[in-house]
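First comes one chain, alone, set out as structure tokens in the form predicted on its own.
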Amino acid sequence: MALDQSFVGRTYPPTAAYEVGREKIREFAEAIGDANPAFTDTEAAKALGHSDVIAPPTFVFAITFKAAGAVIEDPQLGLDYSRVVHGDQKFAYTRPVRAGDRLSVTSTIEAIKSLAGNDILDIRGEVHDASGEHVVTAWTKLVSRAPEGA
């Protein structure tokens, strides 16, 4: 069953603040194999003009995707998550994520399309710091595959 188009534009409440830790940044950088010293060495980050270590660009996926859970789990939307695959991801930064940031995410359904029986859901996550300043916008595209034989 196609997702309800009336959900386009629906915004979900901001998440509780997520505190970005140096160790989480280091672990993430190691996990993706990025040896950029700005991700692990405070002095290297400061030499580049940052106040502390910064996170790799895809680091925020963890918090924006968790925030998108409010959309995914909305029973009124009716998304069958067992049929979902991740279609695309992109980010637009105002500034890098830094250790010590307290970030919250507000998710909005930007588009719902049906294509060959598949539902395509675009979710925009606006990430702000504790002072309300914009840090990054993340777009997540989810594809809910059509049921077998549909």
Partner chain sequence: MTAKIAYDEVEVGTELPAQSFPVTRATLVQYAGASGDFNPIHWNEKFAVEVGLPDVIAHGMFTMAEAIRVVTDWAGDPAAVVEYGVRFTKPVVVPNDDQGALIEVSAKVAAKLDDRKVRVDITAMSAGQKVLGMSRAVVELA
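Remember, it's a predicted structure, so these values are computed and weren't measured experimentally. Residue numbers count along the first chain shown, from 1.
The following text describes the form predicted in complex with the partner chain, which does not appear among the structures shown.
Using a 4.5 angstroms threshold between heavy atoms, A68 stays clear of the partner chain in the predicted bound form. Residue contact with the partner chain in the predicted bound form: S114 places no heavy atom within 4.5 Å of it. Proximity of D34 to the partner chain in the predicted bound form falls within the 4.5 Å heavy atom cutoff. Within 4.5 Å of some heavy atom of the partner chain in the predicted bound form lies at least one heavy atom of I54. If you take 83-99 and check each residue for a heavy atom within 4.5 Å of the partner chain in the predicted bound form, you get H86, G87, D88, Q89, K90, F91, A92, Y93, P96, in sequence order.
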